[in-house]
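The chain below stands alone and is given in structure tokens; this is the form predicted on its own.
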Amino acid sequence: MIVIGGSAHNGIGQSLAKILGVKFYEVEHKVFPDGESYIRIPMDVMGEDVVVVQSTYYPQDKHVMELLLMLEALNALMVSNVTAVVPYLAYSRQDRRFRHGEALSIKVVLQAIRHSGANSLVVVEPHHPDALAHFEGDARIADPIPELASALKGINDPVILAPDKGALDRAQRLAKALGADYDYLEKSRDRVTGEVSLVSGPTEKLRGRSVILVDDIISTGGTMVLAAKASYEAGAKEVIATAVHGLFVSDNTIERIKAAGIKRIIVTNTVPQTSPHVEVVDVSPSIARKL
């Protein structure tokens, strides 16, 4: 086995190769003056079992396209097997048609990855695991909860809070890893504007305790801000936000989260981070477990 990192492997490629005890290489890549991507595999890979690592954070279209080009190039070089490791899988939130006429974007991306040459796929904590059924091959989910739990150890008597029912399984897994209680909120989202509102708040079990919010993605921070406000209103003494994928899509997202009274922000390295206010956990061990 060898590990090959794309332009967006974000250091996971090297870490993964080190854990597995195999060689790591990087692809040759550049962007033409017109914005199109160029990819070349500069090493001999014939007959090899290859793991390609490429996250698909912003700019998503560029990184997805580079992944497809890498897969095509590897298959042309007659490799034995290709596993695509996509730590953050773009377009995964559009996994169903919420409104008439919408495109099923995750289906398009997963089918493109398969038909470009990936025999198997490893994704870290996708938005909805069932969506991976659109990949017509061996699809595996890397669970980063043990790594996140390690970063949260030492907090006395916490309550794990899912910001909506969709995150309840994630909250239960983190609560089990930490030996903690868990609870959840119920929220609704306007399918047109994206605005989030709270339907029902947490129970009395939050009073006087540390609350750990857990979700798969922090994008605009709206959900975390809403959940933090509800937690403090329920009597929480402090709130910590943790998520697998920290997108932080606007310049003031982290400031909004901090202004809501959230004491710590913990995410993984599926997406690169630059803010000193964000703690980053390496997901490479969770991927290695699936390989």
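Position 1 is the first residue in the sequence shown; the rest follow in order. Everything quoted here is computed from the prediction, not taken from an experiment.
Another form exists, predicted in complex with another copy of the chain; not displayed. Remarks below refer to it.
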Exercise. Counting only heavy atoms and a 4.5 Å cutoff, which of 221-229, 24-32, 261-269, 235-243 contacts another copy of the chain in the predicted complex?
Worked result: 24-32
Problem set entry | Contact test in the predicted complex: Val64 vs another copy of the chain, heavy atoms, 4.5 Å | yes
For this session: Indicate whether another copy of the chain has at least one heavy atom within 4.5 Å of a heavy atom of Lys153 in the predicted complex.
Result: no
Exercise. Using 4.5 Å between non-hydrogen atoms, is Asn81 touching another copy of the chain in the predicted complex?
Worked result: no
Problem set entry | Contact label in the predicted complex: Asp181 to another copy of the chain, heavy atom within 4.5 Å | no
For this session: Only one of Lys107, Arg207, Lys165, Lys176 comes within 4.5 Å of another copy of the chain in the predicted complex by heavy atoms, so just point that one out.
Result: Lys107
Exercise. Along 93-114, which positions have a non-hydrogen atom within 4.5 Å of another copy of the chain in the predicted complex?
Worked result: Arg93, Gln94, Arg97, Arg99, His100, Gly101, Glu102, Ala103, Leu104, Ser105, Lys107, Val108, Val109, Gln111
